[in-house]
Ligand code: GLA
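Before any questions on how it binds or moves, here is one chain, the form predicted alone, in structure tokens.
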């Protein structure tokens, strides 16, 4: 369903730039049902593209400039020469997810023309819902659509990942970009991050997804993400494997004395989290809500205790959902995304979403003094190029 703001995006572009847009793109956010912090070790993940998205409209301007406008609060419009695509800092850091993508195409021999671009959307920023990957993918599709050329979803995801590494300085895995670019309505995606095999997994029709955004992001997040990845690499070296994807519980138990206690916990999370993913897929296929819920809970506890990427706000939301239990239709809950703030997901029986949302809002506000953003979402389709006046999906 299109919101009034999104449905008038082309008109606002025309007012801003004095011309009609040439095309429009939609790039969804994502939640990860299970398989957290294992994509960068070649593990198994189970993301879902959601029905909240970044939208962008664009047209060539013939001026050799990128004139970029974002409707996100507090973001100033900027002009960047097309031959000045280097990384930005401070208040302009968000540009790295745009300029980095364009620089990657340029370095592959694509012409980057002067463009007017207006970005908008209903995807919360900084909530662990892959707004950065959505912005990257939207930018990629704009250039591809205007160029009359295109990459396949895996090629585009790799390019966007390299942009994030090189410009934003975030050593992310490939899950987010691939989930945004390859999502399927009604399905999660089982992604093997070692060979990038993607298997659509139907979700039970009576299971709904409720997202609860804490509206907080703790300042240590970016540096701690890098440290977690470095810990995983150090643990793999100590265990004598290429990555922790190749470690087993038995190998870890046998060689735990060779690792310091922190690395043991990091490795234990990765090894057990990878094993939880196929178990969750099997539970979903069987409609086994009890097993699915236990796996989600175990994932959150592992992220909290062994990987240490949760925070009091995320723990409070997960615990509130667990307490609500079957009475409010709860199947299971856990944090989603990189952590240190952001959002939780709760799987809930269809028809009980509103009651659960109210419970989470009241419980959280009573502890932290502000209300989380709680919304119901669904598994949506992949990022796509749309006609300029196409209603948002």
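Residue numbers count along the first chain shown, from 1. On a predicted model such as this, the values are computed, not experimentally measured, just so you know.
One more form of this protein should be noted, the form predicted in complex with this ligand, which is absent from this view; the next part is about it.
Undergrad: Considering this ligand in the predicted bound form, which of 78, 236, 259, 172 comes within 4.5 Å of it through any heavy atom?
TA: By the 4.5 Å heavy-atom cutoff, the listed residue in contact is 172.
Undergrad: Of the options 47, 43, 337, 329, which one has a non-hydrogen atom that comes within 4.5 Å of this ligand in the predicted bound form?
TA: Of the listed residues, the single hit is 337.
Undergrad: For the three residues 17, 55 and 116, verify that every one has a non-hydrogen atom within 4.5 Å of this ligand in the predicted bound form; reply yes or no.
TA: No residue of the spot touches this ligand in the predicted bound form.
Undergrad: Does this ligand get within 4.5 angstroms of any non-hydrogen atom of residue 26 in the predicted bound form?
TA: The answer is no: residue 26 has no heavy atom within 4.5 Å of this ligand.
Undergrad: Please check if residue 39 has a heavy atom lying within 4.5 Å of any heavy atom of this ligand in the predicted bound form.
TA: Residue 39 belongs to the contact set for this ligand.
Undergrad: Should residue 225 be counted as a contact of this ligand in the predicted bound form, where contact means heavy atoms within 4.5 Å?
TA: Yes, contact at 4.5 Å.
Undergrad: Work out which of the listed stretches, 353 to 361, 337 to 345, 321 to 329, 57 to 65, brings a heavy atom within 4.5 angstroms of this ligand in the predicted bound form.
TA: Looking at the partner contacts, the answer comes out as 337 to 345.
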